[in-house]
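Taking the form predicted alone, here's one chain by itself in structure tokens.
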Amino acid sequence: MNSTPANLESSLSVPSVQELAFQRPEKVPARYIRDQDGDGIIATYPSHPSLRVPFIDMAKLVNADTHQKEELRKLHLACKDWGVFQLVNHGLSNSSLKNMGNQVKRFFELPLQEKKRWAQRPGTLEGYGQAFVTSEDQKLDWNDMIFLKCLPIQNRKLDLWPQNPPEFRETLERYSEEIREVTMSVVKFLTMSLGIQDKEISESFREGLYDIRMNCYPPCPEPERVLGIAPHADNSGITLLLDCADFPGLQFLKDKKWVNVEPIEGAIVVNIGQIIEVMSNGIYKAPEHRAVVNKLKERFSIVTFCYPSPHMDIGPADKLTGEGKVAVFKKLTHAEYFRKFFNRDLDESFIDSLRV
């Protein structure tokens, strides 16, 4: 891969994977094939059977009288040992989750020319297309996406928000507001589980940035040779993922083994992003994860990247660096953090670039 820094705030235009899948090719085009990268065939299934992503019950976290202490302990271990958990009883209704999933499915079912009405423009990642394609010889992921900045409201570019299906905008608006409430609760309990009781951190997510990426992973004739999304860690505070399938496609790296996240109706997958890794002074890790694809079935997912307020500096929490504890990461302004992320070398570790 080209190691010169590339500005990642825009993406080159590439063909729709959905359109490619409609043609029912027997073979995958060379640009999508990943098994020549030196690690052989991609081990899609099964993932390691002895490992299972932890579950956290928000109802128990909220219940200070009985279950909270034990659930906080489980949350701490999930974030420290895994960096990811499935959240149940989070407060979003099943109908709200289903509505959002249906709108995304209906958008991707539109004819290509209709979807292209909301295509990415030069110089931005927002809209319908692909992310982080910076060169003509780069390997491509087996997915199509639409990426939209949802909160704060003034960040929205409504000319890129689909008006078809007719309820798409209204559903996305409502969903992003509900996700913000869940995020603030999760971050509040994360700070409690770290023992720092810092309301400023969770409150900063009230004025934070919420960007939503909706993915379509079409069926693939050679699923063991491609990736839906290549391995990466998120640069967010936390990431909340709604899986709209009844079969696994999301995998997290645990103890050098890829582990499937089994979709559970009504659950939201929460993973730590690199901002919380920094704020926790490395106690919680942003985990590496990827998406794999299916030979016969299409899969949709809705991923919300949740960031603290732009006024919040990004650095280790004060209570985790005093009294002889050394800061592992530098303190950066919000703007410095994003500038570093969008202008980095693609083949260098972003999190390592933030270390002291």
Ligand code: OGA
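Quick caveat: nothing in here was measured; it's all calculated off a predicted structure. Note that residue numbering follows the sequence shown and begins at 1.
The same protein also exists as the form predicted together with N-oxalylglycine; that form is not shown, yet it is the one meant from here on.
With the partner left out here, N-oxalylglycine still marks one of 59-67, 26-34, 316-324, 299-307 in the model of the complex; by a 4.5 Å heavy atom cut-off that stretch is 299-307. With the partner omitted here, the residue from R106, K98, R213, R156 that has a non-hydrogen atom within 4.5 angstroms of N-oxalylglycine in the model of the complex is R213. Think of it this way: in the model of the complex, N-oxalylglycine has a heavy atom of just one of C150, L250, I179, V270 within 4.5 Å, and the residue is L250. Three-residue candidate spot R206, L209 and L240; no residue lies within 4.5 angstroms of N-oxalylglycine in the model of the complex by any non-hydrogen atom. By the criterion of a heavy atom within 4.5 Å, V186 is excluded from the residues contacting N-oxalylglycine in the model of the complex. I229 belongs to the set of residues with a heavy atom inside 4.5 Å of N-oxalylglycine in the model of the complex. For the chain shown alone, M312 is not a contact residue for N-oxalylglycine in the model of the complex, no non-hydrogen atom being within 4.5 angstroms. Using a 4.5 Å cutoff between non-hydrogen atoms, V53 does not count as a contact of N-oxalylglycine in the model of the complex.
Along 261-289, a single residue, H289, places a heavy atom within 4.5 Å of N-oxalylglycine in the model of the complex.
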